Structures are given as structure tokens and as C-alpha cells.
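In C-alpha cells, the next block holds one chain alone, the form predicted on its own.
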Amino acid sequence: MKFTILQDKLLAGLQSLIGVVPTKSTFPVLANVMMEISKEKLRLSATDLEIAAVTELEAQGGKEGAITVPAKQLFEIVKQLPHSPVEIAVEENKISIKCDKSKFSLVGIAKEEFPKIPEIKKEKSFKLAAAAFQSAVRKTMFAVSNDSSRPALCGAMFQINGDKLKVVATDGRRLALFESLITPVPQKSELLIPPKALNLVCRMLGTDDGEITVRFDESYTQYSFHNTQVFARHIEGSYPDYEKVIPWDNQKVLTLGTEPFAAAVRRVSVFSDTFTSLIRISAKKDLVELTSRTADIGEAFESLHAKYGSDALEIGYNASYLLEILKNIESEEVNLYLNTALSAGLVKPAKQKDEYTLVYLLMPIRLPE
């Protein structure tokens, strides 16, 4: 096995895959990346058994073949090489790397020990703008649960119904809902995807303004773009019926400037309780007051102009959760749809994007007497 490839191309390929490689594993081969050369194409593969990624790069091939190479060491070597052609040759399980005046050697593991990359069977598929996919992930993943005792909530739910895609994430205290149009899919489907795979795809896409193709079957989802594919094993379990908890009929509407509101929340949260991050929001006619207090330390107060015409309402929220929501709203104004001090509130951009819509649910914290 022998080939030559430009340093920057090899580095870019390895950089996109390195996030898949597990830092610890009982299987040594999982710390390696598979290198396969055929017909002047270098195919790089990595997997942690739950997620797999494959990318193809142009290379000047000599002898065809395949070997697995320690991923971290190869990445660090290539990162330090000059911007020159890199020559890689393999004899048995020994890999030699030459570039300019530099020379390295690594010991690899035979390709037969590397796990098989998944194949999508009886596939369904849809296409989505890369930017919309990135928005779907970045604006929902913060609400995914970290509680391993509820594995279904540790993933993001992709609901596909005709030409509509809904991406949902919740940890039971907050919920994020993203909705966009896609190329039509004939049957309704639900896919529970691990956040690691979705975040990896986002990083790989970079500033791409093209499309991403999503193929899926009962066990895996494949994300295809450029010359790259990422495979994610679905999380098993039943996702809660989130539609039942969304209070679409909340009638009290509070409208504020998104940035001024977020800035006020940040300032007031300095004196919020370290455990609950509780801040008190008091909505009055065309006015909002934010307060927080920590015994023996101090208290904070802010008032903001707002649009509000309903009965006065006091409600408590976790400031950190509220800020995460506001950070993902790009509209100049934000609407809070409220009901009572103890019922869930909805947070929406006052002006939704043409490409997608966003809805956030936030559970309140009971205010002390």
C-alpha cells in the first residue's frame, strides 16, 4: 500500500474524523482510523461503535490496500508537517510517513480487526439545507437531558411527516422545538439521535451553503454531504408525548427586546441562588421588573419597558435556562406566552425566520412566600 496526498487535504480529513475516535476503549482498534487507498481515492473511516464517519480524499495512488493507524498520533504528526505532499507507505503493519525532510513510522492494526461501517437498508431519505440543519441542532441540543436513567431524553427526536421536519429536545424542565420544510418523505418516521453525532455533523459542515442528505432505516441514520458520510445508531426507547405538555393556549403575552431582556437577566442573576438560579419576573402593564436575592449576600433589581396588557403576574425562572433560550433567538423582540405562576410558559421569536420556526417551553420555579 502506497500513496501521496497533500498535507492540508489529509489534515482536513483527519480533523473531521478525530471527534469520533473514543478517548478510552476496551478495543484498541477503535483508537485507530482506517486508511484505504483505491483508484486514487483515500477513504478514511473512524467509529466508536455507536457513531461512524467516512470521508474520501483525492490522492495519488500507487499500491492499493488498507490499514488502521493510531488516529491521535497520525493527526498530531500531520498537523505539524509543512504544506507539502505527504508520502505514506505500508509494509505489513508498519506505516512510514515522509514529508519534505521529515520521516515518521507508526505501527498499525490489520484492517480485518476494524469494525464494519454500517449500511442503511430499506432506506428512506430527505434533503435539507445545510444551514437549516445546523440551526436545528444548535438551537435545540442545549435542552437534551444528561440523565442516563432516562436514556430516551438523552437524544434529539427527529419527527418526519410528509414535507415537515420537527426536531425536539427536552430534559423535563425545558423543551426546544424546531420545525422546517424538507423534501417529502412518504411515511411518518421518528428517529432518536445521539447529540454527539449531530454536533459532529454540524462541525463537519462548517460554513457549507449546500444541502445535506439524510438517509435512515430502523437502526441507523446516515448524513451525507461533500464526500463525507456520518452514521449514527438510533437511541432505543419511547420518547414522551411532548405535544401534550405544550400550552399552545397561553393568553398572556409579554413582549420584550431580546438583547435588553437577556442583559437584564444576566445582571440580575448575579444574586440568584447558586442551586436554583432563581430570578423573579414581575409583569405589569407595559413594564417588567426582574429581581433576585441571596440571603446574607445581596439583591438585584432591574426594570424594563415591555408590551403587556394582561393581569399582573409574578413568575420565577431558572436564569441559566432562560438565557440559553434567549441566546438562540435572533429576532429583535421575544414573546413570552404565560398563564399562571406555576404553569409552563412558551418563548418564541416575535418574528419567525422564513426557513424555520422555533418554540421553547420553560417550566417555572415556585416562588418563595
Partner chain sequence: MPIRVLPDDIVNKIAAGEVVERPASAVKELVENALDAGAGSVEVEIAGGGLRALRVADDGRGMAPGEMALALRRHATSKIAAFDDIYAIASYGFRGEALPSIAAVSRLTLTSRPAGADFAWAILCESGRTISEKAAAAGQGTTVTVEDLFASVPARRKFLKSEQNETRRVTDEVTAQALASPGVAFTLIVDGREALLCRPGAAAVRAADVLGSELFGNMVAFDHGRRPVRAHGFVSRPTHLWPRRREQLIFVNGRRVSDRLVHAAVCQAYGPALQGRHPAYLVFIEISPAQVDVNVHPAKSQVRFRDEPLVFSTIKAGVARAVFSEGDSHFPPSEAAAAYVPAGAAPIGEALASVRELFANPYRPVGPPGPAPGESQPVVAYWQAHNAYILAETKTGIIVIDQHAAHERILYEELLKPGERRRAQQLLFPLTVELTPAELGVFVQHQESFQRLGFDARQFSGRTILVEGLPSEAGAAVDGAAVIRGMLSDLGATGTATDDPVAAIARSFACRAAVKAGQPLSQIEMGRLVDRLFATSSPYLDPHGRPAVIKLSLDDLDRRFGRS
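Throughout, rigid core stands for the largest set of C-alpha atoms superposing within 1.5 Å between the two forms. Residue numbers count along the first chain shown, from 1. This is a predicted model, so every value here is computed, not measured.
The same protein also has a form predicted together with its partner chain, omitted here; what follows describes it.
For the candidate spot formed by F27, E236 and P240, every residue has a non-hydrogen atom within 4.5 angstroms of its partner chain in the predicted bound form.
Though its partner chain is absent from this view, in the predicted bound form it lies within 4.5 Å of a heavy atom of just one residue from V20, L14, L361, L358, which is L361. For the candidate set G298, G210, G172, G162, a heavy atom within 4.5 Å of its partner chain in the predicted bound form is found for exactly one residue, namely G172. Taking non-hydrogen atoms only, V107 never approaches its partner chain to within 4.5 angstroms in the predicted bound form.
Not displayed here, its partner chain is kept clear of P260 by more than 4.5 Å at the level of heavy atoms in the predicted bound form. With a 4.5 Å cutoff on heavy atoms, Q187 does not count as touching its partner chain in the predicted bound form; it lies far away. Mapping the unseen interface onto this chain, S135 falls outside it, with no heavy atom inside 4.5 Å of its partner chain in the predicted bound form. With the partner left out here, its partner chain still marks one of 201-209, 114-122, 97-105, 76-84 in the predicted bound form; by a 4.5 Å heavy atom cut-off that stretch is 114-122. Contact annotation for 43-61: residues with any non-hydrogen atom within 4.5 angstroms of its partner chain in the predicted bound form are D48, L49, E50, listed in sequence order. Once the cores line up, the CA of Q352 ends up less than 2 angstroms apart between this form and the one not shown.
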